[in-house]
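As a starting point, one isolated chain is supplied in structure tokens, in the form predicted on its own.
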């Protein structure tokens, strides 16, 4: 049982990396429009997320310090500030999208308009962030996120031709009725959703919260190399359900309710209840991650006291940043802006900002004055360099493709 409970941080991080409101919608949209032809993006994103999360975990377990703290110290305040602004603004937008996602999940469960649920969602998030101990929080929402296994069961019950799905996944080309530019736009959005920066920041800062030492690195790697792939598999199951059930019917996903349609057709009411529970757990867990990540980023850059376990009076600025982010996100969603639209834009903007987040981590993970003999291996550096080139290409292409395709229309 002990190994299972040690696994929960990876599960909660996987929720943010692969199953937050952006991932839920993006994977269903992609499946309903392009089948499984973009499944390879999930694999590329998964490897990249594991690669840089492992670097960040190694830095934290060796130094006992947060990522942004070291980035500012190692690369200077200007580079650190650019790193902070890029990560914080995207994380704040993501935080707002998750609050909207919680409200949409509650709307599905109750039939009451989601805007009425937004203040309730914000209050619940604040209570958990304020009162629930860190280890209990990660266990509760890590395990609850497993409710989305229902999409794997639904895919199996739909009885697809697995050979056709595999052939589709290996096609590496858009369907005949879709344009290449739009296909690449969604590839970038999917990549941005998989490698969202706040997941790495949350995971490494959690190591400081849990007082990791080099002895904890093995447990951290178990979380990374087993927890994150599980999240990736569930994301592929959501994409597969949409490819099998929605694409042939000509249904293109535009809201959270449509994401659950394949579950309705294969598992009925029980499946829907489990799917809505999974939506709630995933968006709630991601809101906790993104809210804390926003506070971690700012507090670590400015050198303030931070930590969820610290009494509020000892980490007052950290708590104020989280509360400010929660209020800003709540007001933004209450303007009536479509949470799904916010999600879609945040994914592309996240993709555009990826190098600003991951390059500093790569530099710090190669610094022997911090890590001694635990710096990156030659293999890690070669793979990391390939990913940095890929991240730069994605960053350059993201905004022009969004404009050219009118956000994938």
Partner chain sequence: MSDRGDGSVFRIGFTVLDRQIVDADGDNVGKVDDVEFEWREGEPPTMTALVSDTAALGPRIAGRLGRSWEVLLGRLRPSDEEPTLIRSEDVERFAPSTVLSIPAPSGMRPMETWVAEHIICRIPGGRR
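Treat the numbers as computed from the prediction; the structure is a model and nothing was measured. Residue numbers count along the first chain shown, from 1.
Another form exists, predicted in complex with its partner chain; not displayed. Remarks below refer to it.
Contact with its partner chain in the predicted complex, defined as a heavy atom within 4.5 Å, holds for exactly one of 269, 113, 215, 313, namely 313.
The single contact residue among 219, 330, 265, 319, judged by any heavy atom lying within 4.5 Å of its partner chain in the predicted complex, is 319. When contacts are defined as a non-hydrogen atom within 4.5 Å, all of 76, 130 and 306 contact its partner chain in the predicted complex. Proximity of residue 377 to its partner chain in the predicted complex: non-hydrogen atoms within 4.5 Å are absent; the residue sits far from the partner. With a 4.5 Å cutoff on heavy atoms, residue 370 counts as touching its partner chain in the predicted complex. Heavy atoms of residue 170 never reach within 4.5 Å of its partner chain in the predicted complex, leaving it off the interface.
Looking at residue 72, you'd find a heavy atom of it within 4.5 angstroms of its partner chain in the predicted complex. Screening 234-242, 335-343, 294-302, 184-192 for residues having heavy atoms within 4.5 Å of its partner chain in the predicted complex returns a single hit, 294-302.
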